[in-house]
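Presented below, as structure tokens, is a lone chain in the form predicted alone.
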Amino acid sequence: MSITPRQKQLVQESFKLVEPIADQAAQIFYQTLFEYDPSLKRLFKSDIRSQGKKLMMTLKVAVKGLDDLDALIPVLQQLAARHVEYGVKAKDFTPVGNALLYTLKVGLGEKWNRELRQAWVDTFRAMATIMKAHSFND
């Protein structure tokens, strides 16, 4: 994974600011995701609130995992395998990434800037690349 130490720091510090508003952030994320791609709504069988809690827990694990990238890779591969079973396609990473960026922009407000956005873009792209290489072939 190719993210700089500075990007890792930015992502981890900014996520700590989002954690106190995790429920609101998850709500913004899913609302935005379904606006970007309404067809993705079919992938979510459970209550969207509980799904939001899972999302925020998973993001927390991934962001913390940036401290040990070698250990994070198998976690991302397992996550990818589960998402294939749910019916997720490689193309779905684009609206997910865009919804995440929008959620962070809204949640972080004036703290959101070009450098922080790029750190999240590069981090999400690196994680998505690992996940897609492991389980997605569409």
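None of the values given here were measured: they were computed from a predicted structure. Note that residue numbering follows the sequence shown and begins at 1.
This protein has a second form, the form predicted in complex with a small molecule, left out of what is shown; the following refers to that one.
- Although the partner is absent here, Leu69 is not a contact residue: none of its heavy atoms lies within 4.5 angstroms of the small molecule in the predicted bound form.
- In the predicted bound form, His83 approaches the small molecule with a heavy atom inside 4.5 Å.
- In the predicted bound form, at least one heavy atom of Phe44 sits within 4.5 Å of a heavy atom of the small molecule.
- With a 4.5 Å cutoff on heavy atoms, Gln27 does not count as touching the small molecule in the predicted bound form; it lies far away.
- Listed residues Leu79, Leu101, Ile73, Leu108 were compared with the small molecule in the predicted bound form; Leu79 is the one with a heavy atom within 4.5 Å.
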